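One chain comes next, on its own, written as structure tokens: the form predicted on its own.
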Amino acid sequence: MKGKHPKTALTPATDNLQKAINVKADMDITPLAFQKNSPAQSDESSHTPRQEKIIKLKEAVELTQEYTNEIISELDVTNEELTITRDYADAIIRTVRGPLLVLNKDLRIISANEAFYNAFKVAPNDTENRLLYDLGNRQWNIPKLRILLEEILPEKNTIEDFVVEHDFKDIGQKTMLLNARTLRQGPDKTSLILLAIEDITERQQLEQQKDEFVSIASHELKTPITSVKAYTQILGQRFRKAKDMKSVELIEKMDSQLDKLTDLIGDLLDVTKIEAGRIQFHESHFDFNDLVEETVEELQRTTEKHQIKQELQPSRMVYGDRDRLGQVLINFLTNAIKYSPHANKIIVSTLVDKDNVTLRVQDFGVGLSLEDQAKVFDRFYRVGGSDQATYPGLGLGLYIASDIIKRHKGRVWVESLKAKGSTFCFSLPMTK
């Protein structure tokens, strides 16, 4: 890097220092040369110690000049890079379609984008450099928001999908989905907070309307299906008396399809109850192994191809809703039968320790990919693939099962390998 910059780029103080040293050196060296009357005697061998020191000092100053120019150049490049980076970040913030705030560690607003000003009806002059809680006559002094920014975010550094509802004076009731992240920038690691805000009020209203429609439709469907099922039973009795076994067989198939339709309607009703927080539980102490054995016996009658093998540890009493937990086990077993059409074995096992009882349902069927495993408990999620049509359903059973276990303070998960089979599991705490 030496010689990269001209000496004229020196700072005034450094330049003056060099001039003074040059004048002093000339004054000391020139008389000596005249006294010797010989140019050859003005070389380094004829220099006095004082002159040698001055020469070295000149060299040091020249070297200092070069280093100074290099430092100045590097500082110019660094400042230019910082300016470009800052402008780039600012352009991103202002281009984002959703409302976005940049806060300092004291929760004072550094900048906001146009989407924020438009969504919340505020002006830049009333926003920037103000505390977040003071915006709009302290309309942003929201308890849940304070908890998010003052308690949760400092501990986790990242917050995703935090729902906040608030009634704003100017724009009315809003439901917001907040995502926040703490960033540290610069040599002093100054903390900045990015706060992204998504208005999901309309989406939530549509979801509520959809759930209400599904609930009403499900209730309305139950009545005619119940009637049709009763008629099929009457027809079945008449065909048996007439010894028309072919018709009896058709009626039994019809009755079986009506049962499946009834189960689907029941799932839809359960989902709407879950979303509305109206699903009810009737909890009591019961023998867990009794529930498993009873459910396995019931499901064994539905399949001739699969042998459901039980590997149960000694029985324990658990506290919960027996029917709802039985619903989870039925879902696990019916899925194991449905998704292992070429296997002939299913294993149901339990593991008991002092704190938890764990149930596992293992099949040897199609298995799940890692992507499917991450989403299989989501509402309406169905496993994709070329053979998807082979496995009917609404994708609600595992979602309902997961919610039932979570409401029992338990844990639900799946272990699987593609084309090797799956093991669905849930664990319940032994204490009430």
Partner chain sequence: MVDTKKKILVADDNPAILDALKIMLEEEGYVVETTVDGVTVQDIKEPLPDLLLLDIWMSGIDGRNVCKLLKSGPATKHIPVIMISATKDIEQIAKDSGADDCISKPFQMEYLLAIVAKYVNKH
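Residue numbers count along the first chain shown, from 1. Just so we're on the same page, rigid core means the largest C-alpha set that superposes within 1.5 Å between forms. Values in this document were obtained by computation on a predicted structure and should not be read as measured data.
Same protein, other form: the form predicted together with the partner chain, not shown, and the subject of what follows.
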Partner-proximal stretch of 259 to 267, 307 to 315, 143 to 151, 118 to 126 relative to the partner chain in the predicted bound form, 4.5 angstroms, heavy atom: 259 to 267
In the predicted bound form, the one of 324, 338, 166, 360 near the partner chain [non-hydrogen atom within 4.5 angstroms]: 324
One residue of 225, 183, 131, 242 in contact with the partner chain, assessed in the predicted bound form (non-hydrogen atom, 4.5 angstroms): 225
All of 156, 205 and 209 within 4.5 Å of the partner chain in the predicted bound form, heavy atom check: no
Contact of residue 280 with the partner chain in the predicted bound form (heavy atom, 4.5 Å): yes
Distance check, residue 234 to the partner chain in the predicted bound form, heavy atom within 4.5 Å: yes
Residue contact check: residue 238 to the partner chain in the predicted bound form, 4.5 Å heavy atom: yes
Non-hydrogen atom contact residue 110 with the partner chain in the predicted bound form at 4.5 angstroms: no
Core-aligned C-alpha movement of residue 220 between the shown form and the other one, 2 Å or more: yes
C-alpha of residue 294 off by 2 Å or more between the shown form and the other one on rigid core: no
Rigid core superposition, residue 308 Cα moves 2 angstroms or more between the shown form and the other one: no
